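In structure tokens, the next block holds one chain alone, the form predicted on its own.
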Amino acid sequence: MAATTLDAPTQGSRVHQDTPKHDWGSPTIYFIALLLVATMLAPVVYIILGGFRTNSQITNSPAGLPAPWVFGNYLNVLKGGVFWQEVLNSTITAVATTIGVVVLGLMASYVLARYRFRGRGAMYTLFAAGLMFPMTVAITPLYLMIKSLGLINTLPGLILPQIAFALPVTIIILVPFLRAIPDEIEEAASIDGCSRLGFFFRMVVPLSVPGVVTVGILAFIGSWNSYLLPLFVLNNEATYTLPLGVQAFASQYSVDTAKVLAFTSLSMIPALVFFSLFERRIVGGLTGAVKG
């Protein structure tokens, strides 16, 4: 009886000791993280709230809240045709760039990942070196090339270079995905009479969907936010994309700060919403590429 009464508390204490405890980390880490988040979000919040204010409110209290809230700035921008024309141009450019990057990047990555030929390593290194080649270095010869092709002030003159500059990161991400596909699957498909193109469309494309989604999102956001290349290629306001439109609108209405803030916030909201919706897809795709 004595042994039994002594064993019960011992077992209870073991259960209590084996219970996992949640480690919430150091409060300093949370403070630093919140500080960084506030630093990044503060300009965005200021721009959005500034669109709901008048110029006198901004002048009298730059950091204050709207009092009262003014919706006329946003309504005037949304009623104008300039904003929607620039949204259409940005959408066409981003969608076409994304399609081109995904299609060409997937085909090139498939060859580099699944075929063995002389110079494959050098070709992959060449694409990897493209990550270290900034657009600012190539902007002058690129402008001369686009001008010689007669593509100045056209959306194709903007889309084609954006596809070329997005291909290196696309191939770097997709090659590990395609290399991770077991060779046994390809051999089994070959035995069943599936051609190489059939294997590519029926097996490779579905298995590489996480990587394809990742590179597609990166290409779309990169094209939507592009400023330097459109600045050189597009000189006609009818072909302006949103980043150029913001700059032109700010120059035209430089004295109307509230209206400029409203136009700026409306221009960046689509990219913010798009990135927020697909953030997990990007992280998941990059994680898969690292594992591959």
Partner chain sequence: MATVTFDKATRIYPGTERPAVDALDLHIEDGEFLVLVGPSGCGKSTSLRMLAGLEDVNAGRILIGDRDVTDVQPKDRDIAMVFQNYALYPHMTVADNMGFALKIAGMPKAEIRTRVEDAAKILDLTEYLDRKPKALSGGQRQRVAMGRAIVRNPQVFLMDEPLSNLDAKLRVQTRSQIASLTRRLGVTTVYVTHDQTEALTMGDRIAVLKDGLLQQVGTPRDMYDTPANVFVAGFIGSPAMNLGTFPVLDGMAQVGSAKIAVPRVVIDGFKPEDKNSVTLGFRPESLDVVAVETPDSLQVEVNIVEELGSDAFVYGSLLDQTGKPSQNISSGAGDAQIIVRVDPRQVPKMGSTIHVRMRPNEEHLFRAGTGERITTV
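Positions refer to the first chain, counted from 1. Since this is a predicted model, take the numbers as computed values, not measurements.
Separately, the form predicted together with its partner chain exists; it is not shown, and the next lines address it.
Heavy atoms of Leu207 reach within 4.5 Å of its partner chain in the model of the complex, making it an interface residue.
Contact check for Gly193: a heavy atom falls within 4.5 Å of its partner chain in the model of the complex. The closest non-hydrogen atom of Leu126 lies beyond 4.5 Å of its partner chain in the model of the complex. Among residues of the shown chain, Ile185 is one whose heavy atoms approach its partner chain to within 4.5 Å in the model of the complex. The stretch from 74-82, 152-160, 199-207, 126-134 that comes within 4.5 Å of its partner chain in the model of the complex, counting heavy atoms only, is 199-207. This chain appears without its partner; in the model of the complex, the one residue of Ile221, Leu142, Ala189, Leu167 with a heavy atom within 4.5 Å of its partner chain is Ala189.
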